[in-house]
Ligand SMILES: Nc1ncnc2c1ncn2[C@@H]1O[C@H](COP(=O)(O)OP(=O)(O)OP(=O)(O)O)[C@@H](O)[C@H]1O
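Just the one chain here, laid out as structure tokens, in the form predicted alone.
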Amino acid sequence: MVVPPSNPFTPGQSPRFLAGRTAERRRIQDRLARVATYGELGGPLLVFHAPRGLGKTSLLRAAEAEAATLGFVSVWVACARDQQLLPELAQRVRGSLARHDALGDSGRTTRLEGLTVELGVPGARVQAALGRRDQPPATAPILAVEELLSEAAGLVRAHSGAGLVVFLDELHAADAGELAVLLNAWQNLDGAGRPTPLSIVTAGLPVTPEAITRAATFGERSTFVPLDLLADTDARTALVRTAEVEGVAWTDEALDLVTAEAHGHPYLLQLLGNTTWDAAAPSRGATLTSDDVRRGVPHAQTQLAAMHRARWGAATPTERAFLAAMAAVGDGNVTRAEIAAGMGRDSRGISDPRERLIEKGVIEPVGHGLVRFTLPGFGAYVRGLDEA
């Protein structure tokens, strides 16, 4: 019995082939090369920011895999609103070192033993403990994080590794107080002048640069890199390279249809690839056609409509008024003045819903006073609500 090839397209997950992002990947490679070559910090905090679905996590995962081939020990933390960042970071650092045998002999006592970094509820005392049995603990959380990262990076280097690289995803969700501690620790390490083979690469929603700057004003010196939609050539490459692993090809017309429908949106590209594949059920050596794409599009539209409903359902009445005014203008870039006019408000009176919708990833800023929907088709969905 011949087993058909499995569907290689993975909407909502990291793609099997990451197309484009050449400049962004080079930025990360440059940081890692600096750490590996000189055994020092890999430059300022590197922050990729973009709406959901544009491949931030996929970019970081690709960098994590590449770092491993270069001899780095990686630490991955996905920030969340209900999760403390620093205790999670501490535990994952220790876990990564243990998995890579970088803690040394079991008899050795390091500063990583018994590590806790705790931030209490607002107004409570901030405490940290970092130490070993023959030394008093550090009681300042900034110092605790400094020593955690410094010693961990040093242990990796001492065990013939290139260094330590920390990946922080969804950074916009981190608590402001914890983010301030991390930023201060990073600045202190940078100013200390001692070799620390360490780099931190992060990603978050478009509000992330503002969140970092609010947490610590010097955070503005971080390197902020926005991710944009994929170019058509990169989108086509992603479709072709993903399918060819399973011995399947595309016709040019089919590729044109998918790239036109996806509008350079990485998530939609994977979704349309997935529904086309399911519609075709190809065998190895087959070619996906425009008819396959057309049969798959309705299934993709059903998934997209569910996402539209979820975003609309999570919006407050004021946010819905903002979205309706924005959708009434069109599907491209919309000015602040146009939205304010549609809501019957002064342009200064729409700042709160605007910021909340950006934080939710429903809209994104694309220039001074300009915003656009992050998910293709959302404007048409909102306009359709008035007709229902």
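Counting begins at 1, following the sequence as shown. From a predicted model like this one, the values you see are computed outputs, not experimental measurements.
Another form, the form predicted together with the ligand, is not on view; read the next lines as being about it.
Q: In terms of non-hydrogen atoms within 4.5 angstroms, which of the given stretches 35 to 43, 342 to 350, 315 to 323, 48 to 56 touches the ligand in the predicted complex?
A: The contacting stretch here is 48 to 56.
Q: To verify the annotation, which of these, 272, 75, 145, 238, has a non-hydrogen atom within 4.5 Å of the ligand in the predicted complex?
A: Residue within 4.5 Å of the partner: 238.
Q: Which one, 296, 219, 266, 197, lies within 4.5 Å of the ligand in the predicted complex by heavy atoms?
A: Partner contact (heavy atom, 4.5 Å) among the options: 266.
Q: With heavy atoms only and a cut-off of 4.5 Å, decide whether residue 15 touches the ligand in the predicted complex.
A: Residue 15: yes, in contact with the ligand in the predicted complex.
Q: Would residue 254 count as touching the ligand in the predicted complex under a 4.5 Å heavy atom rule?
A: The answer is no: residue 254 has no heavy atom within 4.5 Å of the ligand.
Q: Is residue 205 one of the residues lying within 4.5 Å of the ligand in the predicted complex, judged by heavy atom distances?
A: Because a heavy atom of residue 205 falls inside 4.5 Å of the ligand in the predicted complex, the answer is yes.
Q: Answer yes if any heavy atom of residue 151 is within 4.5 Å of a heavy atom of the ligand in the predicted complex; otherwise answer no.
A: No - in the predicted complex, heavy atoms of residue 151 and the ligand never come within 4.5 Å of each other.
Q: Can you work out whether the ligand is within 4.5 angstroms of a heavy atom in all three of 11, 170 and 230 in the predicted complex?
A: The answer is yes: all three residues contact the partner (heavy atom, 4.5 Å cut-off).
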